[in-house]
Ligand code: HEC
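Just the one chain here, the form predicted alone, laid out as C-alpha cells.
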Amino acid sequence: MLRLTKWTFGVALTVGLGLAVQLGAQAPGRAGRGRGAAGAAPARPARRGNYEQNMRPLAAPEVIAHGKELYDANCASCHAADMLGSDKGGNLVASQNLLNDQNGELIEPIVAGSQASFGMPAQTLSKDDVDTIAAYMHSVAAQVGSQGRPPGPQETPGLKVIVGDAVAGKADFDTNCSSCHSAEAGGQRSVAGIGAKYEDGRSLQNAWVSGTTGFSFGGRGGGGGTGNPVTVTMANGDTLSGKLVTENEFVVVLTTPDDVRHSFDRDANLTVKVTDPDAAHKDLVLKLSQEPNGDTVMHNVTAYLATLK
C-alpha cells in the first residue's frame, strides 16, 4: 500500500504569503504506462490558476485515469480519496515534494522506502506505476482553486435551507397564522405569492418570522419603529393619529394622513401609543421558542410558504 508520509508530504502551501514553487524543466518521457508513455496522447495543458502546478502540462487523460485507479487501490486508504490526508497519512495536495516533482522522480524514492523512518514503509509498486500515480496526483494538484482553495468546484454549492415539511407546514400555518393571514390571493393580509417574492429560503423565513413580509399594515421595525401607527393623547384629551417619524425621551414626531408633520414635546401629560403591527409575529416566535417542537414548526411553515408561488 502506498503510504506517503505526513512529514514528507505534509508541508502546507503558504497561501497568505503567495508562495509559488518554481518547477524545473520537464524530464524526458518514460516508456510504459507512466507519464509521457509511448503511444499516449500529447500532454494537455493544465487549467490556469494562481500557482505553477496550475500551468504545467499534464499527462494524457487515459494516463491520469489509470493513475487514479492505482491511487485508489494503493494510496487512498491512508491519504484519502481526495488526497487531503487523514489520521494515517498526510495531505498530498499541499505536498512540497509533489509541487517540486516533475515526472515522479521525487515520489519514487519515497515509495521505495526513503522515508521509512518517518512511518512511510517501502511499497511493492513498479516504477511505471509510481510514475502513473504521480501523473494523477499532479492532475489533482492542478485543480487547486484560486487563493489556494482545495480542488473541486470553485463556486460554493447552494445550501439546502428549506428543510421543513410543506404538508405539515400548511397545518401549522392554519393553526398559527390563518387568523391574520390568508394564503389565497385577495384574502386578508394575503401571503399568496410570497414564495416567489422570497426565493431564498433564509430570506423567506427571516421575513415571515420578523413580520416584515410586505403584507403587514405598518412599517418595518415594530414597537416604536418608524412608520408604525401612533396615537398621541394630549393633556386636554384631544388625540392625533398618524405614522411615527421619531420618538425619544424629548420629542414625538408623526405625520398625519394629509402628510402634515406634527411635533410634540414629551411631558407627563402626553400619552403616546405606538401600535406594533408585527407584534403577533413576535409573540408567535416567543411562543414557539418555548415549545419543544418550535423550530420544527418554523421550518415547516417556511417550507409551506415557499410553495406559494
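All values derive from a computational prediction rather than experimental measurement. We number the residues from 1 along the sequence you see.
Form predicted in complex with this ligand: not shown, discussed below.
Chemist: At 4.5 Å between heavy atoms, is N236 in contact with this ligand in the model of the complex?
Modeler: Heavy-atom contact with this ligand at 4.5 Å: absent for N236.
Chemist: Report whether the minimum heavy atom distance between V253 and this ligand in the model of the complex is within 4.5 Å.
Modeler: Although this ligand is absent here, V253 would stay clear of it in the model of the complex, with no heavy atoms inside 4.5 Å.
Chemist: Does Y136 reach this ligand in the model of the complex if we count a contact as any heavy atom within 4.5 Å?
Modeler: Outside the cut-off, so no.
Chemist: Does this ligand come within 4.5 Å of any heavy atom of P229 in the model of the complex?
Modeler: Residue-level check for P229: no, no contact with this ligand.
Chemist: All three of H66, S126 and A183 touching this ligand in the model of the complex at 4.5 Å, heavy atom to heavy atom?
Modeler: The answer is no: none of the three residues contacts the partner (heavy atom, 4.5 Å cut-off).
Chemist: Based on heavy atom distances of 4.5 Å or less, which listed stretch (255 to 263, 270 to 278, 241 to 249, 58 to 66) is in contact with this ligand in the model of the complex?
Modeler: One stretch meets the cut-off, namely 270 to 278.
Chemist: Determine the residues of 87 to 102 with a heavy atom within 4.5 Å of this ligand in the model of the complex and present them in sequence order; the list may be empty.
Modeler: Result: K88, G89, G90, L92, S95, Q96, N97.
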